[in-house]
Each structure stands twice: as structure tokens, then as C-alpha cells.
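Starting off, we have a lone chain in the form predicted on its own, written out as C-alpha cells.
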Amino acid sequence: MRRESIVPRADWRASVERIGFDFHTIDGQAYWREDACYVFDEQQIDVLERATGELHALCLEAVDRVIRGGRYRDLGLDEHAAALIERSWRDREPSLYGRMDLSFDGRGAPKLLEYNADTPTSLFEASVVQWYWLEEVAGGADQFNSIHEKLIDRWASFGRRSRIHFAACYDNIEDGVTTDYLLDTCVQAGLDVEPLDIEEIGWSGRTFIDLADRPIERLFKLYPWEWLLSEAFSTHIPDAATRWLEPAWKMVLSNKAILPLLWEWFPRHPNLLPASRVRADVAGAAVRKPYWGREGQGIAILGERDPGDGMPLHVYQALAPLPVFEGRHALVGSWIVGDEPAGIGIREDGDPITRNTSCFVPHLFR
């Protein structure tokens, strides 16, 4: 694994905009970078794929153990959330996708930092933008990327008679592009679709409805479950026939408090890091993480002698520093579609914490 400096396409902005990637620059700084790329060999890709598949299997086992053991308090979840989780797991409600954030330097075992199992973004960049870049710039190389094909296949498995509603906060450009991309893959699978802003979802007194008063049978929502359950209309969720994507059981995995439970149940697993809700349980340098949060919000790196401050609803995970290439900290986002590893995307930053402004850099392997 290495970072190679390369010459960007002269018209790269126009090129990515032609395929619908309009947030390539954030606050005047490039978010999409193609003055570099990350290069892997085939064996390293195999390592990432195997680790992602194994970690996903462990996570599914963890959901089952949480439910059987009633470990909701350890996750900061109340009875309302627990009931939704149990019903969705019992009914085998399918999931669509997720992204595992891994620390991987190409030599040691990939380490799970967290599982973005509910509302992961950077999907369009990983699936489409870097693939078009590869075909135009490095056609003789390959890329760990079957995300697009697997999404279409996953939608098709839901049945072609289904209508899928798609809801997001469309005033957030990244969320809007991600949702519209998923909608497009759903159309390619032959299903009927209907986009909605999250605020346009209505309640008929019996079920959730769209702007044409049609019942919402299945809803993809790029809107975190913890936000959804804070809304007044969330009390209607148990009474509605609506099936949700991601399903309610993903609340267990999108919560960083799952990390101590994974370590409790699968200690010393090569792809896991020591983690606890108690700082003293994690020796050496650690990372303090809130149970919920997106794009690095609330994350802090603690030194070996830093006891932390006992903040509630936070976990502590042993520090696995991201590898640094030319002063850039590189994070591997490894995608799951359904239950299958599907590809990776690389985010990098001059800071060791990956945030929403961290750059996306394409990858290839030979």
C-alpha cells in the first residue's frame, strides 16, 4: 500500500460534474483529489475483503446477542428503541448497505474503528466517481469496487413489485447526492421509486404517506435512527406497516457502544481493538468516542496518561493510528452491500481524525 503523486486530469472538475458529482470542492478546498492515488497489491485487497466479511459476520452475531441478552442499556437505548429493534430482527428485515472504517497500513491486520451501519455517505464517490477516474486514467489497473452492481442486485432481491420511497434532508448536498444515487440504482433494478424530503412524510392516522397520500410501504431514509426517534411522529412507527431501510436493528451497529461489546464477546480478535465504556480498562493511548455522531464529531485522542473526564455516553477504544503517507492520515472505508464486501474508498486528512472535510482519494490495485 502506498500513496502515489500523479497529474490530475486537466478538466477533472468538468469530468466529475458530468456524472453528477457537484460537491468536489468544499469551502474552496478540494474534497475530491486526483493529484494522488492509493495503490494496493492484490493480496492486500484480499486481506481487506476477508476482514470486512468476517467483521460483518461478527457484527450480526453481536446484534443477536444484544437482543437475546437485553443489553440495550449498554447502548443507551430505551424500551421504545428496543421494541423496534426486536421486531425488525425477528421479522428478518433486510439491510441495504454499510461502511466499516478501518485502520490498515498494508502490512498488519485491518482494525475496525467503527461501523457506519445506518447512514453512511461517501458512497457515490466510492462507487462511481473513482471508477470513472480509473477507466480514464489507469485503464490497465483494477479497483476493489463492485458496489454499483451489488446495489442493483440487492434492490432486485426485494421484489420488483415494491415501490421504494427515498427520504433525506435534500438541502444537504452530500445527503441528496447519496440518496439520489441509491434511487438510481433502485430504478436500474426495475423498482418503482419516489423521492421525498424527510419533512414531507405524512401520517394518515393509520400509516405513513407521501405527498400523493399513497401509503409508504418501504422507505429508505438517509436520516439517523436516533434523530428519527426524537421526532414526535416516531410514536407511530410501531403501528405502521412501513418497512425501513436501514432496518431498526441497525441501531445496534451504528452505535459506537457496540465496540466494547464486540471486544467483550470476541476478545483478541485480530481485526478488533480493545474497547470499554471505562477509560481505565483501555491501556495506553485511546480514542474517546460518543455513542452517536457523524464525520468525526466529538472524537478525541487521549494520551497514555490522560484519564479522560468520565463523560457519559462515550466509549474508549485503543488507539490504532492511521497510516501516514506524505503527511496525510489515510482511512479505509470498506463497503458492505447486503452481507457482502463490495469495495473500498480512501479518505485522508492532515489531522489524525477523519471529518466531513477530509479528502476522498481514488485507489487502484495491480
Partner chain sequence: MKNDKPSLPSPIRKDTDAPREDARFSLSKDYRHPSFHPRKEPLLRKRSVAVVVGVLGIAAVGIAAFGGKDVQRNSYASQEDCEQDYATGQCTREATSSGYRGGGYHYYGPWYRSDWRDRSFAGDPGPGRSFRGGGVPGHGPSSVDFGRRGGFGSSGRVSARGS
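Numbering follows the first chain given and starts at 1. Computed from a prediction, not measured in an experiment: that's the story for all the values here.
Beyond the structure shown, there is the form predicted in complex with its partner chain, which is absent from this document and is the topic of what follows.
Stretch 44-52 is the contacting one of 309-317, 62-70, 44-52, 26-34, since its residues have non-hydrogen atoms within 4.5 Å of its partner chain in the predicted complex. Of the listed positions (Glu264, Asp91, Asp239, Asp142), a single one reaches within 4.5 angstroms of its partner chain by any non-hydrogen atom in the predicted complex, namely Asp142. Checking Asp281, Glu217, Glu86, Asp175 against its partner chain in the predicted complex, a heavy atom within 4.5 Å turns up for just one residue: Asp175. Remark: Leu102 does not count among the residues lining its partner chain in the predicted complex, judged by a heavy atom distance of 4.5 Å or less.
At a distance threshold of 4.5 angstroms between non-hydrogen atoms, Thr121 is in contact with its partner chain in the predicted complex. Its partner chain in the predicted complex comes within 4.5 Å of no heavy atom belonging to Leu113. Its partner chain in the predicted complex is not approached by Gly108, whose heavy atoms all lie more than 4.5 angstroms from it.
In the predicted complex, its partner chain lies within 4.5 angstroms of at least one heavy atom of each of the following residues of 229-243: Ser230, Glu231, Ala232, Phe233, Ser234, Ile237, in sequence order.
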